[in-house]
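First, one chain by itself in C-alpha cells, the form predicted on its own.
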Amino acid sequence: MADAQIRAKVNQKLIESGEYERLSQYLRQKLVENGWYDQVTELASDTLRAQESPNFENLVDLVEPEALALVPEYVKVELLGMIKRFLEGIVDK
C-alpha cells in the first residue's frame, strides 16, 4: 500500500473516531497556553511590515518555518505519543 493510501486511511479513521477533533483541541489548547499564537501573530506582523509588497503565500513561506520551530518540544512529543497510541489501537483491533 502506498504512503498516500495509508495516510488517507489513517486520516479517515482519525476523523470517524472523533480522535482528530480531540487531538486538534489538545494542540490548540497547548499552543494558547504557551503563547504560541501571540508569538506567531507578532512574527507575521513584523514580517508583513518588512515586505514591500506583501502577499499571503510569501508570508506563509517566510513565517511557517519559524512558527513550527516555536511549538514547544514537549507538545510535539505528547501529540506524537497520542497519535501513536491511537494507531496502536487500530492495529491491535
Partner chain sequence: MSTVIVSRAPPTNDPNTKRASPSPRSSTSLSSSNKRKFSVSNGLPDPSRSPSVARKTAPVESSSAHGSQGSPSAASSNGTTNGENNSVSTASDGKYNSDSSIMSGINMDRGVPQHAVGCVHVKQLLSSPSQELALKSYRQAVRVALELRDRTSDMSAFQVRRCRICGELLTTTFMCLQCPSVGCRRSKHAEAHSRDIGHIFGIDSRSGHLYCFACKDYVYNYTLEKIRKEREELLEAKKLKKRSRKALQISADDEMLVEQNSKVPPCQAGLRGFQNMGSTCFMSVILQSLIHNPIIRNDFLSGSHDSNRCQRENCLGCRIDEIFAEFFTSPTTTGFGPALLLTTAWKTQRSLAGYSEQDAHEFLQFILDQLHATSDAKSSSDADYCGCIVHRTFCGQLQSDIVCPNCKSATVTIDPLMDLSLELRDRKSDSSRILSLQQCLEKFTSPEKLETKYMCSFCSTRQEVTKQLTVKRLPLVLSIQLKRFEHALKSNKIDDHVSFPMQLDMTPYTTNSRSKKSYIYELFGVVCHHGKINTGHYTCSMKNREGLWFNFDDAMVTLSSEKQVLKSNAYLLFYIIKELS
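Just so we're clear, the structure is a prediction, and the values are computed from it rather than from any experiment. Positions refer to the first chain, counted from 1.
The protein also exists as the form predicted in complex with its partner chain; that form is not presented, and the subsequent description refers to it.
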- Message: I'd like to know if I15 sits close to its partner chain in the predicted complex, meaning any non-hydrogen atom pair within 4.5 angstroms.
- Response: yes
- Item | Proximity of L68 to its partner chain in the predicted complex, heavy atoms at 4.5 Å | no
- Query: Heavy atoms within 4.5 Å of its partner chain in the predicted complex: does L48 have any?
  - Reply: yes
- May I ask you to state whether E73 is within 4.5 Å of its partner chain in the predicted complex, using heavy atom distances? no
- Go through 36-58 residue by residue and record those having a heavy atom within 4.5 Å of its partner chain in the predicted complex; state none if no residue qualifies. Y37, D38, T41, E42, S45, L48, R49, E52, S53, P54, N55, F56, E57
